[in-house]
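Take a look at this single chain in structure tokens; it is the form predicted on its own.
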């Protein structure tokens, strides 16, 4: 941060976007700062601190569950509204992020803003078919979460735009879900693999499933082969097909030394989830 000359603390979205739009000052937006604070480029002249923006509300709407981008992990973990959504799976995921000190500061918007293999929310939000609201000067748009990572957005959050919120579709409220982070310790930021598993179960049959995978690549991915293998089966039948997840992992860049281990772990975690659906 050798060139840092100014810090601004906007208290409304328009002021924040105006500061971010001043390209001559090479601005950089900071939310919780637990990770991006370490990566502020030496070219940055203006730091735009977002903590005063009113973007932390958590509420239900006609569209589904709305979570402000500045909601912290601790706020999400302890929200009564979130606990009542999809079995409280977002609360479980938030609780698995590092230490309590980090959870007090880290925000959901910051966690999804830039690709990082070990961020916990991207694979879960992908499995829940979440959308994100993004704003830049004079524009506000809603994208599927994957749009942040596949080039659809064509902008860099924190540099060219701001993530303002996350929306979980109303249909996701009643899903059976689980989030698993397989790591050396519960508080580790790094993990061997993370799995976000969601299923719609009716009359003892899995009607649909979505499985998000994290920690194996910079961006989260879905596991369509495993999801297809589970669909239309009873939990008992589907448990025997958990190994189908290996087919989804096969196309990913995993170290040869750990690929078989991670396939076995992933299949075991998926099998445990499917059994819990019975």
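Positions refer to the first chain, counted from 1. Just so it is clear, the model here is predicted, and its values are computed rather than measured.
Heads up, the form predicted together with a small molecule isn't pictured, but that's what we're talking about next.
Engineer: For a quick test of understanding: in the predicted complex, does each of 224, 241 and 276 have a heavy atom within 4.5 Å of the small molecule?
Structural biologist: No, the whole trio is out of contact, none within 4.5 Å by any heavy atom.
Engineer: Go through 230, 211, 69, 245 and name the one with a heavy atom inside 4.5 Å of the small molecule in the predicted complex.
Structural biologist: Among 230, 211, 69, 245, a heavy atom within 4.5 Å of the small molecule in the predicted complex occurs only for 69.
Engineer: Just one of 91, 193, 161, 146 has a heavy atom within 4.5 Å of the small molecule in the predicted complex. Which one?
Structural biologist: Checking each option against the small molecule in the predicted complex, the one that comes within 4.5 Å is 161.
Engineer: Would you classify residue 32 as touching the small molecule in the predicted complex, given a 4.5 Å non-hydrogen atom cut-off?
Structural biologist: Yes, residue 32 sits close enough to the small molecule in the predicted complex that at least one of its heavy atoms falls within 4.5 Å.
Engineer: Is the gap between residue 78 and the small molecule in the predicted complex 4.5 Å or less for some heavy atom pair?
Structural biologist: Contact check for residue 78: no, nothing within 4.5 Å of the small molecule in the predicted complex.
Engineer: So in the predicted complex, does residue 181 come within 4.5 Å of the small molecule, heavy atom to heavy atom?
Structural biologist: Yes, residue 181 sits close enough to the small molecule in the predicted complex that at least one of its heavy atoms falls within 4.5 Å.
Engineer: Wondering, does residue 131 line up within 4.5 Å of the small molecule in the predicted complex on heavy atoms?
Structural biologist: No, residue 131 is distant from the partner.
Engineer: When the small molecule is placed as it is in the predicted complex, which of 199-207, 168-176, 93-101, 136-144 ends up with heavy atoms within 4.5 Å of it?
Structural biologist: Heavy atoms within 4.5 Å of the small molecule in the predicted complex occur in 93-101.
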